[in-house]
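For reference, the chain that follows is the form predicted alone, supplied as structure tokens.
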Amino acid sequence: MKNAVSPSNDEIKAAMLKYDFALQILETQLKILIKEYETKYQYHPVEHIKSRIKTIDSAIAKLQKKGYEVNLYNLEHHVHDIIGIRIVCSFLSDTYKIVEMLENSSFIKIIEKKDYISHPKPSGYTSYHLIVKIPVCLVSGIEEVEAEIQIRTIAMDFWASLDHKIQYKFSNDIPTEIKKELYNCAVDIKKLDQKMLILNDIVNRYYK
């Protein structure tokens, strides 16, 4: 196994620097793509963007939860969401516009796609997940750094936020009654997204 000796905090902090750089680059690239799309189509598909970098403790905890030894190699190869970006859109159709935009980018390399919008998780969770790689120019050369991008509607984001808060309150499994109600809410939110999409289409017909 590589890096059998556990790294010091200073070594981990130094290794995490590239994730700071990659996040800055990715945020800039997203702004460019979205601005270009807005100019070309006279339409802004994004409500807001949130970003974060996992803390060292959080990254290590995820690695340990997966059953891997704590070392730099495993952090880099088995924790794919040290960088997290969430793109929140108004309408369901916008989520796929963003996915297509990223797929057409020659700068952002997509290495994994998970469409939880078409295929929700058993809990009812819906979102579109992409694992991507971003080139970062370091003194030692160009290095590709992974990031996770989540794309969802405002309604999906509302549900996911509440789900996260509820899960945080329970150290063990969430009671069945609460799981059922959360799932029912997810179904209602999916219907709401569909209704808002239809309403947007009607508005666009009048606008045209």
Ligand code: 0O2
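Don't overthink the numbering: it's just position in the shown sequence, from 1. This one's a predicted model, so the numbers in the text were calculated from it and none came from an experiment.
Keep in mind the form predicted together with this ligand is missing from the figure; the text below concerns it.
This chain is displayed without this ligand, yet in the predicted bound form the stretch 159 to 167 from 43 to 51, 137 to 145, 159 to 167, 28 to 36 comes within 4.5 Å of it by heavy atoms. For the three residues 119, 180 and 183, a heavy atom within 4.5 Å of this ligand turns up in the predicted bound form in no case.
Contact annotation: residue 123 falls within 4.5 Å of this ligand in the predicted bound form, judged by heavy atom distances. The closest heavy atom approach of residue 114 to this ligand in the predicted bound form falls within 4.5 Å. Among residues of the shown chain, residue 109 is not one whose heavy atoms approach this ligand to within 4.5 Å in the predicted bound form. Contact check for residue 78: a heavy atom falls within 4.5 Å of this ligand in the predicted bound form.
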